[in-house]
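To begin, one chain is listed below as structure tokens, in the form predicted alone.
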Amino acid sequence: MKVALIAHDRKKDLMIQLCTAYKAILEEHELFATGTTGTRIMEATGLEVHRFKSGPLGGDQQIGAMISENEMDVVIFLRDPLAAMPHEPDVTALIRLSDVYEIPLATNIGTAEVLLRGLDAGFVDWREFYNAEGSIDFG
């Protein structure tokens, strides 16, 4: 599965803790992250992560583009709901695209843990049957 990992500045340490705790699960999947978050995950865990641009410089939109092309399976976006973000429209668009294309999305640590455990247990395997037209095709 392709997993996007995004964290606002005040949530980056929490993302590192999450990736460290769930390294065994994450290393079984293809990981993508926005700029600094990806660098910090790689440095702290040794996980291989494809890095996009920083969120405010278009990284959120790059991940959104993958979602719209059915090229992303899971998004973990530890966002800071109390901080004003200059790129808030990009954040909102990413969340909207996750809903439009039925991409499992976690925006806080509790949901992220449930999603990662579900990923490990096979609860997200239905994504393998999700086609570009937006429906499940069991062939």
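For clarity, every value in this text was computed on a predicted model and none was experimentally measured. Residues carry their position along the shown sequence, with the first being 1.
The following text describes the form predicted in complex with a small molecule, which does not appear among the structures shown.
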- Examine A7 and determine whether its closest non-hydrogen atom to the small molecule in the predicted bound form is within 4.5 angstroms. yes
- Message: At 4.5 Å between heavy atoms, is P104 in contact with the small molecule in the predicted bound form?
- Response: no
- Can you check whether F77 is within 4.5 Å of the small molecule in the predicted bound form, heavy atom basis? yes
- Determine whether any heavy atom of H87 comes within 4.5 Å of a heavy atom of the small molecule in the predicted bound form, and answer yes or no. yes
- Looking at M42, L97, V91, M66, which has any heavy atom no more than 4.5 Å from the small molecule in the predicted bound form? V91
- For the chain shown here without its partner, which stretch in 104-112, 42-50, 67-75, 27-35 has non-hydrogen atoms within 4.5 angstroms of the small molecule in the predicted bound form? 27-35
